[in-house]
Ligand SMILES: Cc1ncc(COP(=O)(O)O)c(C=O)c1O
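Shown below, as C-alpha cells, is a lone chain in the form predicted on its own; questions about how it binds or moves come after it.
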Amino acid sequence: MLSTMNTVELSQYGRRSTVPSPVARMMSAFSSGFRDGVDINLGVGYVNEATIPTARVLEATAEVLTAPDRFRQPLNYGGPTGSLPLKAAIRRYWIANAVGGVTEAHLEGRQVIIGLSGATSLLFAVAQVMEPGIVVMGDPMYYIYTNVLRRRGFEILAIGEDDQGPRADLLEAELERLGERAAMIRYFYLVTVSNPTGTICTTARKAAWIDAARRLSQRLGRQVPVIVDRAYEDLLHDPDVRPPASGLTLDGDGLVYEVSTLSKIVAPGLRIGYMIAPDGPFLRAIVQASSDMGFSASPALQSMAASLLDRHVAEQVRAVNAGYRERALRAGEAIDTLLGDVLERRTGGQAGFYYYLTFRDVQTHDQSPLFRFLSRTTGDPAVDGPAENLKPRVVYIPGEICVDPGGRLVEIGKRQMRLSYGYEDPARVAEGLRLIREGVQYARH
C-alpha cells in the first residue's frame, strides 16, 4: 500500500505548477470530454484539419527515409541547434519569399535554431535562462506564455493595445513610471499578430518598441532583448492589409530574437518552431536549455519539414490563407448577424483564425451565466439537458484569462471572449454563434 505522506520538496516553480493553468484545464476538458459532432470548439486554437497537407507529409516521410545522402540519420538523435537541412531550408524560404522584407543581408550574422517542441519550447527556454524580473508585453496577452512566466517568478508589465498593436505612448509612460525599477526589465515580448485579439502590429509600432528597447539598453548598460513572436504572421490573409516588416529589418543593435513556427502553415504535429537571432551568450544559453530538455527536435520531423519547405511551402501558404480568408469572412458575417447588436467591439479576422469580442453588458468569465449556459453547468435540466446526454456545448476562451489581472483591462476582460473560426467548419461556427446568442438571452433574463 502506498504511503499517503506528501512531503516532496518542490521549487517555487513546482509549487505554482501544482495548480493547472486555466488553459491547461480547458485543453484537458476538450481532449477528454469533447463530443465530436455535438459540442462545438470555438476556443481551443487547433488548426483546421483540411489545411494539413497529409499527402505531402507522406511523400516527405518516404523521401527522408530513403535519401541518406541528404537527410543523415533521421531516426537517430540530432544536434541541439537543429538539423542543417531544415535551417538551410528556413533561410531559403525567408529570402525567396522576402518574408517581412528580409533579404540575405538581414540574415547575415544571425543564426537559425530549432526548438525542441515548437515555438513554445523556445519561449520557455528564454524564461529558463533569464533571471526573473519584469517582462514587458501587450495587453490582452498570450495567456499560455504569461502563465509560464508567472510560474517562473516573472512580473508582467502589460501595455494596452490599439488597432496598430501594443501602444508606444503607454510603453514610454510605463517605463518612465517604473523609474529605478526599470532595471528589473529582462526583455520585451512582442506578439505581431495578437493571440487573442488578432490585432496586427504595424511596422511603425514594431519599430517604436525596438527603439524603446534600444534606448533602455543604453540607459541600463546592457541589452534588453525584444522577443518577436510571429506565430500567426504567415497567416495574414486579408488582401487589404500590407504585411508588416520583420523585426530583423528594423534592428541595428542585435536586440531582436524573432520566433516563428511551421505549426500554422504546415502542421502542428511536426512541432517545428524556430528562432532567428544574433549569436552570443543569450542565444547559446537558449540552445543549451533546449538541449537539456531532450537534445533536439526529432531529426525525422525536421527533415520532413525541410522537404516540405523546399518543395511545397509557397503553394501550401496560398492554399491555407485562401481557406482561412473564406472562413474569416463567413464567421464575421455570422457574428454581425447573430451578435452585432449585443457587441461593443470586434477585432481580428484579418490574420490567423481568431475574433475577439467585447459584449456591451454580458459577462463571459467562467462563473458567468453565459459560460454556465454554454458549458451546460447551470444545474437546470431544462437548460443543460440530462446529465447522461447534455445539450451541445460551446467552448470559447474567456477574456478574463487573456488580460493582466492587475492591469487596466480587468473589468472589460470579464465581458470579452476569443473565438476561433479555424477548427470547426463554417456551418458549425455559425451554429456555435447561434448558441452564444441563446446564452446571451439566458444571461440577460
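Quick caveat, the model's predicted, so the values are computed rather than measured. Counting begins at 1, following the sequence as shown.
What comes next is about the form predicted in complex with the ligand, which does not appear here.
- The candidate stretches are 102 to 110, 69 to 77, 225 to 233, 309 to 317, and the one lying within 4.5 Å of the ligand in the predicted complex by heavy atoms is 225 to 233.
- Mapping the unseen interface onto this chain, G118 counts among the residues with a heavy atom inside 4.5 Å of the ligand in the predicted complex.
- At the 4.5 Å threshold, heavy atoms of W94 stay clear of the ligand in the predicted complex, well away from it.
- Among residues of the shown chain, R186 is not one whose heavy atoms approach the ligand to within 4.5 Å in the predicted complex.
- Looking at K264, you'd find a heavy atom of it within 4.5 angstroms of the ligand in the predicted complex.
- Taking a 4.5 Å heavy atom cutoff to the ligand in the predicted complex, the contact residue among L123, V362, L357, A213 is L123.
- Of the listed positions (Y324, Y142, F154, F371), a single one reaches within 4.5 angstroms of the ligand by any non-hydrogen atom in the predicted complex, namely Y142.
- For the three residues V191, N195 and R271, a heavy atom within 4.5 Å of the ligand turns up in the predicted complex in every case.
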